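Single chain ahead, by itself, as structure tokens, in the form predicted alone.
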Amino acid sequence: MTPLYLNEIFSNSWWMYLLIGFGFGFILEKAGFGDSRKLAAQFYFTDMRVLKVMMSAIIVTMVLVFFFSSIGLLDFSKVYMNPTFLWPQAVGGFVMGIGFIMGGFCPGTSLVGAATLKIDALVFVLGVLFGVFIFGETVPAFNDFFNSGSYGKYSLFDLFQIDAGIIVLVVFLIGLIAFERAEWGEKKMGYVKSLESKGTTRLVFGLTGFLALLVAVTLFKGQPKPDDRWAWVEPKFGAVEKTRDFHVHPKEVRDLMIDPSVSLRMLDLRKEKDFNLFHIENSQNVSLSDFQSAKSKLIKKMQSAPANRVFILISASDKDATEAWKLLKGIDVLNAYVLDGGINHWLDVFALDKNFASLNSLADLSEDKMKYTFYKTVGSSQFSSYPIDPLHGEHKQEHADYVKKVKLQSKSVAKGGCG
């Protein structure tokens, strides 16, 4: 059944990671990346194999990832990406580039060279270890800068707010131009390569054409929408939807509001006029459309939320909130729950002053509508918006008369990279 969740498939296959690591190192050595002279030659435009190999890896991986995502074989939301810290990463990249020129290695290729007992690589590895030690001992002095420019999981299609297929096409074309310019630079600098066979040339052109075909399919099909993603996870969470185990009693939400171990965010999906009439204190007015677009800023913030963040989705009853919950499960947002019965149930439990509203028994509850009629706008000014007794303060939750539903979950991710 698709999509394939590789982290689950390989979760206990340590030998697979060992095999991949060995293969990665072997290919780097065969490509000449264990030789500092060949690595440093790229900075003098005499041997551009590093650019060619790295661009090949980037382009092939990018095209395959988004192609498989477009046809539903891969869930990109579960692919780990290093979080973006713009300024420290820019400075770190510059420093690493200087070290690359001076030492002839990057940290990854130095290990490849050290594995074959190259003296310069062994010295470089010792330098890396010493640098890591110095960094670890001094990072508190510049901790604010170290965490500056945080954008979380951020990609080019997040930056430009366009479909991933367009970015794939542009980067693919940039790669082709980079290859052509690398070849031109090598010829200008007098670099002489061994003659390539006609069979090799045909293979390269054939693979390039095949990648171009995959790019076209990716661009044409586009990336899956949130509704598509719910169809993927429905076999896993469909039973939970029917049992309503993600529906949280108003009293549990009330207790979460004063729980110091929880970072609570309440998202109210009602229309703005209904939200203004009455809402729970510190809740945020959003719309269902905010959950239906993969480009939504709200979604990006929810995906990068801290581990103790709990989201409570609120609507008049709980129909719209449940739809939003389904969309969030499709993109793997954890710790999302629905206020059981919505604002209607909240006001049933924490009654509003009768001078401000009354129960409308004729309300059509088959739709997500309020069953209370308000005489005036109260916003969050009433006790029922924040039903915490100021005299007694904290509630003793061990005596709560409801079934607790909220259980904090955290993602397990497999991190990786080169450098």
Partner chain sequence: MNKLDRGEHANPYLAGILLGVVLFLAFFLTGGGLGASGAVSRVQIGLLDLIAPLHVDKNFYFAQVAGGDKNPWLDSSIYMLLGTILGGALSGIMSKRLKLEIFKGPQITNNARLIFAFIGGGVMGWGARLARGCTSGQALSGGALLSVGSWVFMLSLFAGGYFLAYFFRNLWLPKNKGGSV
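Numbering follows the first chain given and starts at 1. None of the values given here were measured: they were computed from a predicted structure.
Only in words, not in the display: the form predicted in complex with the partner chain, which the text now covers.
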item: Residues Val112, Gly136 and Met189 all lining the partner chain in the model of the complex, heavy atom within 4.5 Å; value: yes
item: One residue of Ile167, Leu256, Met302, Val215 in contact with the partner chain, assessed in the model of the complex (non-hydrogen atom, 4.5 angstroms); value: Ile167
item: The unique member of Ala307, Val240, Val262, Leu203 whose heavy atoms fall within 4.5 Å of the partner chain in the model of the complex; value: Leu203
item: Heavy atom of Pro140 within 4.5 Å of the partner chain in the model of the complex; value: yes
item: Heavy atom of Tyr154 within 4.5 Å of the partner chain in the model of the complex; value: yes
item: Partner proximity in the model of the complex: Ala357 to the partner chain, non-hydrogen atom cutoff 4.5 Å; value: no
item: Proximity of Phe350 to the partner chain in the model of the complex, heavy atoms at 4.5 Å; value: no
item: Partner-facing stretch of 282-290, 219-227, 308-316, 181-189, counted where any non-hydrogen atom is within 4.5 angstroms of the partner chain in the model of the complex; value: 181-189
item: Interface residues of 101-135 toward the partner chain, as seen in the model of the complex [heavy atoms, 4.5 Å]; value: Ile101, Met102, Gly103, Gly104, Phe105, Cys106, Pro107, Gly108, Leu111, Val112, Ala115, Thr116, Leu117, Lys118, Ile119, Asp120, Val123, Phe124, Leu126, Gly127, Val128, Leu129, Phe130, Gly131, Val132, Phe133, Ile134, Phe135
